[in-house]
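Just the one chain here, the form predicted alone, laid out as structure tokens.
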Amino acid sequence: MGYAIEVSGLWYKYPTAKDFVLRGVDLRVGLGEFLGILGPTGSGKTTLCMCLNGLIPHYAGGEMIGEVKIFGKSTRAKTIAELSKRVGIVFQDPDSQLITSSVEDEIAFGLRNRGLSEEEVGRVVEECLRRIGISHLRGRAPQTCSGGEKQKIAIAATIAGRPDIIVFDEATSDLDPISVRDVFSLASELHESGKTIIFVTHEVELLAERATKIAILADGRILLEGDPRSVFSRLEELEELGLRLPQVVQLALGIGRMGHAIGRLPITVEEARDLLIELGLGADELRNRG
């Protein structure tokens, strides 16, 4: 399998910082993979995302050691503009990305900068509005929209450029539960259409259902990496990092402590339901056994 992203021995320190934020990151992301990144606050997740689209080192400066390759090409050898055609990023705060006076212009902005004809711009804008489900916002000023709507606008503007890799950096952190699910659903649809997805989040339940691989970043290093089932089975290591397990995993481990053999660890609600049926356990029995 070819790699969309290859990170090798990556160290990074901001211009005014004394210490390195990233401390030897090694990471490979396959073409069309859905990678979820988890980690404690301050572990370097946003910094790693900025390395993927060239903001580091081209914009942020600082000291970077090691290599980041996007589809086999070093980010050092590409400009931010060139990298943006392959890597799109949606940040936690959509207001930092929204700069025009209408939703339609926001989506069209990057396309016009690339010299597309107005006919082509109009077609892509229409397609993105429809795909993200925000056609009704077309003429609105982004600043007047809700937080969830703003994040959808930022996603629409990002995918308009048709990047091969889309990075969601804590893009659901300030959203209500319905908007959180909407963003995850959009990410899943993009993944199913062939995009490589990087999703940084604390929403472990939704991530467990969708990601093909999970990476745990702590103290500037990748400490754990693998499929969701294998990563979430590492209970002690995750607890030491202060990371929460999906609720269905917590339930299964509790059932195991009751003396039941749980076999394959469930990571989705459907798998947990099937386990309960298989063991003949109901809500009343679980409550009675504590």
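Numbering starts at 1 and follows the sequence shown. Since the model is a prediction, treat every value here as computed from it, not as a measurement.
Heads up, the form predicted in complex with a small molecule isn't pictured, but that's what we're talking about next.
- The single contact residue among P40, G256, G62, G226, judged by any heavy atom lying within 4.5 Å of the small molecule in the predicted complex, is P40.
- Partner contact region in the predicted complex: 44 to 52, out of 261 to 269, 44 to 52, 245 to 253, 63 to 71, criterion any non-hydrogen atom within 4.5 Å of the small molecule.
- Taking non-hydrogen atoms only, Y14 approaches the small molecule to within 4.5 angstroms in the predicted complex.
- By the criterion of a heavy atom within 4.5 Å, L275 is excluded from the residues contacting the small molecule in the predicted complex.
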